[in-house]
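For reference, the chain that follows is the form predicted alone, supplied as structure tokens.
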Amino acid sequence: MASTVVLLRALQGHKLVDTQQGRIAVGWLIVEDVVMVLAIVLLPVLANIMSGGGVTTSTVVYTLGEAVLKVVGFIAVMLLAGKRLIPWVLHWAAHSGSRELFRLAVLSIALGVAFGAAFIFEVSFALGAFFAGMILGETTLSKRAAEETLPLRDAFAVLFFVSVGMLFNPAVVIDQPLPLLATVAIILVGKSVAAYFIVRAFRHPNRTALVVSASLAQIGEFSFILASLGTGLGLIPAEARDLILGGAIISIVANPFIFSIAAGSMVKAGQAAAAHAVALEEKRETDRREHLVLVGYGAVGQLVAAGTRNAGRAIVIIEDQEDIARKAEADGFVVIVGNASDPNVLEEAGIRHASKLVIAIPEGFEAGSIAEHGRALNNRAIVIARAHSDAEVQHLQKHGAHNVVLGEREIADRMLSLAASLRSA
């Protein structure tokens, strides 16, 4: 089980915490924490089974169900009560005007929730601390809380590594070199290969799988807890605990180098992708000169887009629904995902250089707002919109639309035209 301290340090050092790779790796840690609770609860039962004790299937199911209920109960309490109580305590401490009291409140919440999780719900201390941090992160004072706890975080990180070093017995390197080498190989190679294929199985890119597997190529504090529990129950000998501890230290030392290689390759690939994106955007900006901006890729918008492309004109589509936007991209169009009533979205679509703004959405009053913003950014662009009533026509014309197509009127005119041609024939 990966060390939370080591993994977060590696992700923070390479600025990957907020990336897809960082989210997967941190999510992996949460799953490990949950599994850790189940392992601690079930190990005594399994030890009793192995020793020939009378443990029935119902006992195992009951024990497992109890552990799951405790985890679910803790999460429910944190999400329901914690999201209300913790922000209130933080705001009270902040408004007291005492910086020391605010710092103490943050530390008390973090350690108090972690202790309560372990003592009341028998959830791992680390999982309790993580949920406390998650709730703190959602408050408006999260940035200040992070700044206040930064020195403490660094101090605890140092204490963690010091405590690991004090537990290590260097004699294991001389007494059991081959078993230690095998243990390190399982951690660095076996665990990483398993993580790589799991990430790939969920159809993530190869680079993502490499970074996640490299970040997990180490073990830490949870392994010590499990090893100590296993030794106490007589499931593994004391020598195995020393091997696990030695493997953990070696893997922690090696992990930054392994992770740097994986992250470095990702950075190079990202730079190449960024250069390609810049070149593509420059080409798009060139194509967008005197282009047509189409808002909406529904039934009407699709016909307008197809006709515009057949006429050989450049077109940029604005669509606020992601599934429809993906369809437009699959059809080969340049698509901006967002609400066209936002001037920034219109800017991104190149409205300042567009010759026409075609608003194909059926909501006439919303289209009026889009027309108004479009004319404010480019008063040379011809605005064309659709409407379903005379009131919508007046609204659109009032807000800058040059031409408004009233669906019912166009249908009636076409039907009259067809009727007249049939009469004359």
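Since the structure is predicted, the reported quantities are computational estimates derived from the model, not experimental observations. Don't overthink the numbering: it's just position in the shown sequence, from 1.
There is also a form predicted in complex with a small molecule; it is not shown, and the following applies to it.
Using a 4.5 angstroms limit between non-hydrogen atoms, Ala385 is distant from the small molecule in the predicted complex. The small molecule is not drawn, but in the predicted complex it has no heavy atom within 4.5 Å of Thr140.
Using a 4.5 angstroms threshold between heavy atoms, Asn339 counts as touching the small molecule in the predicted complex. Although the partner is absent here, Val295 is a contact residue: one of its heavy atoms lies within 4.5 angstroms of the small molecule in the predicted complex. This chain is drawn without the small molecule; in the predicted complex, the residue among Glu329, Glu122, Asp320, Glu148 with a heavy atom within 4.5 Å of it is Asp320. Site annotation in the predicted complex: the residue of Ala299, Ala194, Ala185, Val162 reaching within 4.5 Å of the small molecule with a heavy atom is Ala299. From the list 162-170, 71-79, 331-339, 229-237, the contact stretch for the small molecule in the predicted complex under a 4.5 Å heavy atom rule is 331-339.
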